[in-house]
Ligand code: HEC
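In the form predicted on its own, a lone chain appears below as structure tokens.
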């Protein structure tokens, strides 16, 4: 009699496999739900790291020309809503990397002879992009005019009829009346100033003043409306600006600033500034340097005038009758001034810019100076720069 083998049951295995499949599917769904948050967290972390690194690079290498907050100094503003909204990261990366020919903007990418890697330039782009959400519209701000410039124009053209502070005279109505100012918009004031009111004795200023100057006048009126006290820049401030422009060889700008300073100075200071203005107008850089030396002695120390020695300003001048400074020379001279005043940290940022611009012996000297500063040998760095810059003069 044969016995039948019991039939095997695969049911437990089937159930186990089904449970395993369900578990895998559930795990995959959980992974899919969590992955976007994980990726976002990683991207946020990478952005923060890049922005932090870019902030340091910008402060050390870019702020001198573009401002500590990207507001623009000698270079264009970068913290600007229009620029950031309309410019791709790839475009910013390319411009930073390759520079802008025939300008003071050097190439920063190592592929083009600069000091930065692709990653470092990416960090700079990330830092600049972090401004976008709060970036001001600088073109719109410029259209608002400058109250201080408006006051200078007002003092020269309007005080006879409207009073020194807009209080009015028998010849013209008060302009600092808050209620009157609030009653008319900027366009009304612009057309009134430009077209005048001949029947009431108001000249047609549009044939004398530019649209920019009229905007500055309106900015002054709006400052008065807000109750703000607007004062003219004093001669020392204007001298500082003139010295800055001289370092870039812009003699017309130097002359304009000195002419303004002379109008606001008195006594010997006024005479020295007038001599400097005349020298700037004629292109006599030697006489300009001497007159500025005298003006800074009368108006304040060279440290008060922005920390730039007159000899440095004169050497950096590239105006009529003077040899233009070599690329990177102006930055090396300002770095030398920092070293002379005991500020090696300030010198480093300027030397890095000089390094990107310079060539030949000056570039070698700047490299040497940077290594000396890093090694704590600021005096040796100063000597190296002085020798290189003296050779350049020869």
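Residue numbers count along the first chain shown, from 1. Keep in mind that this is a model prediction, so the values were computed, not measured.
There is another form of this protein, the form predicted together with the named molecule, and it is not shown here; the text below is about that form.
### Message
Just to be sure I understand the contacts: of 126, 95, 152, 223, which is the one whose heavy atoms reach within 4.5 angstroms of the named molecule in the predicted complex?
### Response
It is 95 that has a heavy atom within 4.5 Å of the partner.
### Query
Considering the named molecule in the predicted complex, which of 168, 249, 122, 75 comes within 4.5 Å of it through any heavy atom?
In short, 75.
### Task
Consider residue 139 of the chain shown here, and say whether it contacts the named molecule in the predicted complex, taking contact as heavy atoms within 4.5 Å.
Residue 139: no contact with the named molecule in the predicted complex.
### Query
Does the 4.5 Å heavy atom contact test between residue 65 and the named molecule in the predicted complex come out positive?
Close contact exists here: in the predicted complex, residue 65 approaches the named molecule to within 4.5 Å, heavy atoms only.
### Query
Wondering, does residue 135 line up within 4.5 Å of the named molecule in the predicted complex on heavy atoms?
No, no contact at 4.5 Å.
### Query
Is there a non-hydrogen atom of residue 283 within 4.5 angstroms of a non-hydrogen atom of the named molecule in the predicted complex?
Residue 283: no, not in contact with the named molecule in the predicted complex.
### Task
Please name which of the stretches 239-247, 275-283, 172-180, 290-298 has residues with heavy atoms lying within 4.5 Å of the named molecule in the predicted complex.
Of the options, only 172-180 has residues within 4.5 Å of the partner.
### Query
Which residues, if any, of 189-215 lie within 4.5 Å of the named molecule in the predicted complex when only heavy atoms count?
Heavy-atom contacts within 4.5 Å come from 189, 192, 193, 197, 200, 201, 202, 203, 205, 209.
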